[in-house]
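Only one chain is included here, represented as structure tokens and corresponding to the form predicted alone.
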Amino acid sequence: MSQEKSIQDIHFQRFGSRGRAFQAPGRVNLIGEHTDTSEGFVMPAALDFHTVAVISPANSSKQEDAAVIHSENFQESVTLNLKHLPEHSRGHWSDYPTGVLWSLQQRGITCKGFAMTLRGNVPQGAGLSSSASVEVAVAIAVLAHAGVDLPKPEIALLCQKAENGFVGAQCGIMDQFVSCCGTRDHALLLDCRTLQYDLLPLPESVRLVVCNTMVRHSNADGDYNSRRADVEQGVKILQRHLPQARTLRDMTEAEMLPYAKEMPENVLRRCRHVLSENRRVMEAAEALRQHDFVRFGTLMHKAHISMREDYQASCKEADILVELAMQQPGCYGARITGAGFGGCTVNLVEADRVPVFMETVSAAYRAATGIQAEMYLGRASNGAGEVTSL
């Protein structure tokens, strides 16, 4: 709890009062990539990297309409007028907490002025959802300050609305949902349409190792948007024959096959990835229920191949990391995780093999690319909540 204690001290020194502390984790997606925007299935796990938000009431009546938010990570503070929030994002770290306040107000939830200090250790730009971690931490802190109790799935939806409607990033629900609802030593199988979920065991005998390629290709955002457009085009073609289908979630690979010739090659590949990935997620869930990590790892690797060949959202650095990982004793499976085009790979590794795995893969990747990868040893953690032992 040293980080939480230090942030309490920082908050007191800056604002002159102690506050309540709340945490929300980042996440890694084990399998189920680019399926959430088609209302499909995903399997993330909350990681033991967090954003902590400390909140206390405004010190005076003159500040009752003001929110003063300080970021320790950026060493910067912003002051917001709660009666007149900004109407647009500005490409700044404060867009995320501002967007949460905007989303809460859209829901009819308001609060009096407050001071807040934010600090996080979720690696930024690594595809581990540092933004969702900030959003959820801010949301649960502000809701507590306002005296409003909401179910965690509803909090996740409000945070997704903040990112979609205010920040302007068209993410699915996965990141915010697992940050809210994650459970220690479990992955979370989420139906992105109904928001029903199941918890799947990740025992201490296996660990999650996240390897950061340290690259993000400059055209990643454009590539991401073009992939989504390809999927939408494919759905429109298929709806001519399957009018009951709202998204790819509503069909199977076998149902798509008779109409494949009507699709441009790139559109067919994208749709094939989403459909096959939904199937792999459900097969992977059954493998975890049976503690069949060999089967689970095989599905992870197949998911990577599909990301590389059909969705074409991998990159040479991630491919090298996955190939190196799959050569190591004790590695059940490896694949690129997150949006792709750089970022991280996720690896399921026998716990007692982790130190050698990390050392060997790091050295081999450096020899192959000249890049020093960052390695994060993660464990599935609990979702958001108040930190009381301060």
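Don't overthink the numbering: it's just position in the shown sequence, from 1. Fair warning: this is a prediction, and the values are worked out from it, not measured in the lab.
The same protein also has a form predicted together with a small molecule, omitted here; what follows describes it.
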item	value
Full three-residue contact with the small molecule in the predicted bound form, heavy atom 4.5 Å, for Gly32, Cys171 and Asp175	yes
Candidate stretches 47-55, 331-339, 63-71, 348-356, one within 4.5 Å of the small molecule in the predicted bound form by heavy atom	331-339
The small molecule contact at Asp36 in the predicted bound form, heavy atom, 4.5 Å	yes
Exercise: Tyr259 in contact with the small molecule in the predicted bound form, heavy atom 4.5 Å	no
Residue contact check: Trp93 to the small molecule in the predicted bound form, 4.5 Å heavy atom	no
